[in-house]
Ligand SMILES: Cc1ncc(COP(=O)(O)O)c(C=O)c1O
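Read the single chain below, which is given as structure tokens and is the form predicted alone.
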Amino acid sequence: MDRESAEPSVERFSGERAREWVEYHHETAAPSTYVCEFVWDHTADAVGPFCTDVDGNVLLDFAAHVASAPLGYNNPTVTDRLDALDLPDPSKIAGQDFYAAGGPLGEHDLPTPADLMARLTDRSSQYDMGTVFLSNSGAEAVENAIKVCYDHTGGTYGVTFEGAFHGRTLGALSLNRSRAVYRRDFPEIGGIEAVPFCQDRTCTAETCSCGFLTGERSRLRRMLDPGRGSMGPNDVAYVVLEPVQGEGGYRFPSDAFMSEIADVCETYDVPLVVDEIQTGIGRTGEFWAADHYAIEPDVIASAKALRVGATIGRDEVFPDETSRLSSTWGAGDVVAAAQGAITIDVIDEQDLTANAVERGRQFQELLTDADPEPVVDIRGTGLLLAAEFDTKERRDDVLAAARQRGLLLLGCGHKTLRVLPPLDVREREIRIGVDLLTDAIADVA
């Protein structure tokens, strides 16, 4: 497949073979979240945002496996470096007492888990972060982040935000305030309080509509007031925040909202945990989405684009006691850690954060110029993009119509469509994507 000339081409989505694979999958799979019947043929041609399904349909993937494929398909730099390596087995290293290395320090081809951790602390040095714990998933990264904070502070309370999504394990579920199905009837960590999340990315303290910034003191500041608050600041182990809410609807907060959170956490010395699982590693035009705001995270939870789970924080926040944090696979997946490290290298070498800014701006300008009537808001930072529709039904119909035209997208929130091109997406591909989206909207309208 030639990326310069590739075009989406769909005969029928989903086709006969895809439906066969889906039926086979569901014979043994537990009920879970399935967005569409897209069955990628990993043996067929794929490059950049273009891929082929088992029925031979060529698709433009602007879903990026929910931001988990930051460089699209078969990025040549990644594949060339991995193909040249003599990959070991086992590729996962059990426990913390085993290490993976090849050749002298600093003179090896395969980046190791230690190399990945060094890259992460280097890219988080502006927050004085020097310690990392690796894991398998974003939920585990969040779990370890709050465990670190409980241990560090001795506090029993946590603060989350309305609309938040942090994962599916029981501890992470306790922080969720999005769809009820995620939490209903499951036991939860006690002492978790929720405050409103910003609904207007341009608001000030005077124009706030979500209820967070009210009068002279925000809801968070009143909650932590030592004399009149509902919880003493010394009892609060953490405030946990998505810098942009993902599942909650790609909600981008205002500077006033984030500045107030930063000031409250600093005033009362409450650790701030930032969930960068969907927003981090270059997608917004900065390595971390937190870099756009005044906040100073104490702990960052990362995954998806990183290919592994990682909890990154300041040295003094992590527990000194051995075995306080541990996991069978805590030493790292050798292959996934190498992919994560190479991904960071490619983003740096090809200046893909700058590309994210430019191509994200192009997408918003083209869609705004098209002025599709059912779209009530177009928003985004870098290649973390969203279009909000007038109704949920219209959004869902557009998602289906886009797939029939060969464009893969995702929904989020109640009536929002999210757009996640690969970080190396090209101008031509953005134009194709916007054309397909506007055609799908016209089909539905």
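Worth saying up front: this structure is predicted, and the values here are computed from it rather than measured. Residue indices: 1-based, along the sequence shown.
What comes next is about the form predicted in complex with the named molecule, which does not appear here.
A heavy atom within 4.5 Å of the named molecule in the predicted bound form is found for exactly one of G249, G285, G167, P113: G167. Shown without its partner, this chain lists R177, K304, R359, R123 as candidates; in the predicted bound form, only K304 has a non-hydrogen atom within 4.5 angstroms of the named molecule. Look at 257-265, 72-80, 133-141, 216-224: in the predicted bound form, residues with non-hydrogen atoms within 4.5 angstroms of the named molecule sit in 133-141. For T311, no non-hydrogen atom is located within 4.5 Å of the named molecule in the predicted bound form, even though that partner is not displayed. Among residues of the shown chain, I277 is one whose heavy atoms approach the named molecule to within 4.5 Å in the predicted bound form. Taking non-hydrogen atoms only, E242 approaches the named molecule to within 4.5 angstroms in the predicted bound form.
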